[in-house]
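Only one chain is included here, represented as structure tokens and corresponding to the form predicted on its own.
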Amino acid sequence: MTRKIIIDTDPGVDDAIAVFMAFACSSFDVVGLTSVYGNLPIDITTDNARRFVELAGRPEVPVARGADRPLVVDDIGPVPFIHGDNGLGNAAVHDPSVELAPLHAAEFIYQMALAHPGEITLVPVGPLTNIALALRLHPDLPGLVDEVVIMGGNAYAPGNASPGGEANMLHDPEAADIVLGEDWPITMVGLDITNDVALDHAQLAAISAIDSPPNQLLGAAMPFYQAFYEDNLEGFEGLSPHDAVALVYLLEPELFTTVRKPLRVELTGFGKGKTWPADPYHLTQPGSPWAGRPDVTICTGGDAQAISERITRELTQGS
């Protein structure tokens, strides 16, 4: 049985790894890609999403353009020094020809959920602006989706875009707080586990060796992203495929350790973007910021080697 998924994405090299993994995996039916600003501006991320469906041989999969800025705050800006000026490690890419869906990403998400009630899993791997907008426009959305699995956040690990904040949350903390406060089945796959997962040199070589358009693009795009990690993290070898880890959670949740707690997202100050899990003491205090918030499944660790092996397997031989 396949799982219908919509990937909300800001491509981004690790986004490319995740999207091509999803297309390669027979357990997923990718029913749409929605673009959002984040790693690069919206024009670039949208064109990359369009490229992905073409290179995967799936031009019938709709691509809907989404938000170009956060709900409230000024954006922290793109990171071409991590992903390259084109979001794909400065690899040579074609101009996409597939047409965009006629709906904004937020409306597209709702209409797909309405057409397939209880069947759609949302997989946001960028800032959560599109998902928050969809909730504002359609408060009944939570009752229409099967599950939401987010790549983002840091419950117990330090931030990566700031000392306190993980990048996707820091881009739009207000949107993140809305989404994580909604009463729906939601899992946060954040830095607590994704920081531990790496594709090593042998795995990267195996992925790049496959003679297919998606793998050849990955082979050209990943070295730039890999160099960022190896140049900036002492002793690190390979790259972190953050976004693809969320897909592995959907395939093999038993590889992950989790807790269930309410979350709040820090909106201001030095810790902006930090995802704060409730503790039993503060949860029961008068005026607790977590009061009335639903539990979120938080991935706190897992079998990092098995996760990286699953990503590699999907990108080299399918499931």
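Residue positions are given as counts along the sequence shown, with the first one as 1. Note that this is a predicted model, so its numbers are computed, not measured.
What comes next is about the form predicted together with a small molecule, which does not appear here.
- Looking at the small molecule in the predicted bound form, residues Asp15, Asn39 and Ala167 each place a heavy atom within 4.5 Å of it.
- A residue is said to contact a partner when one of its heavy atoms sits within 4.5 Å of a partner heavy atom; Val149 fails this definition for the small molecule in the predicted bound form, lying far away.
- Among heavy atoms of Leu191, some come within 4.5 Å of the small molecule in the predicted bound form.
- Taking non-hydrogen atoms only, Asn160 approaches the small molecule to within 4.5 angstroms in the predicted bound form.
- Looking at Asp243, you'd find a heavy atom of it within 4.5 angstroms of the small molecule in the predicted bound form.
- Here the chain stands by itself, but in the predicted bound form one stretch of 215-223, 201-209, 235-243, 139-147, 235-243, has heavy atoms within 4.5 Å of the small molecule.
- This chain appears without its partner; in the predicted bound form, the one residue of Ile109, Ala176, Leu247, Val125 with a heavy atom within 4.5 Å of the small molecule is Val125.
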